[in-house]
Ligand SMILES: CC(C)(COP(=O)(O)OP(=O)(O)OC[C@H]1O[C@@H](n2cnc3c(N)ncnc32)[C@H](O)[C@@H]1OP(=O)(O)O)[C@@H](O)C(=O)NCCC(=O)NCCS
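This document starts with one chain, in the form predicted alone, laid out as structure tokens.
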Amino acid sequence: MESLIIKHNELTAEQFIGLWESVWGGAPSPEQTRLAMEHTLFRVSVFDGEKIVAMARMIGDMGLDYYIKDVIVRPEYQRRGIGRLLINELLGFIAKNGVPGTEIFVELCAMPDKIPFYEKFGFSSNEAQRLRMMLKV
């Protein structure tokens, strides 16, 4: 895979916001993002030279539950194996840090068109529905 650079736990709030904006628009505030980066268990970022092209992060309690968040690959870099690389890095983090001999919940939320991608890693959907609200603070 090209000469991409993988970095662990170096993703900054500014890089996160820039990549978010380039793919989804409407990024969270700098203060929210800074706090999120500080409290994320594990961050993976992928660079093409100085340009950030992909990211993903892991949140959770380090015991029972890990949750994959914000998996983003710039559209022009998709279908090159970068998404697979991100998920493998996150799952590797769990394998290294999870309690040996136990089963651990690994969860994520995905749009319907992305479900087949995640199923390749062993994720499966169930009848549970994602509930959410945006709470104005």
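What you see is a predicted model, and the numbers here were worked out from it, not measured in a lab. Numbering starts at 1 and runs along the sequence shown.
Not on display, but discussed next: the form predicted together with the named molecule.
Against the named molecule in the predicted complex, the set Lys7, Phe47 and Gly49 makes no contact: no member has a heavy atom within 4.5 Å. Residues with any non-hydrogen atom within 4.5 angstroms of the named molecule in the predicted complex fall in just one of 97 to 105, 34 to 42, 58 to 66, 78 to 86: 78 to 86. The named molecule is not shown here, but in the predicted complex it comes within 4.5 Å of a heavy atom of Val23. In the predicted complex, the named molecule lies within 4.5 Å of some heavy atom of Phe117.
Ala110 belongs to the set of residues with a heavy atom inside 4.5 Å of the named molecule in the predicted complex.
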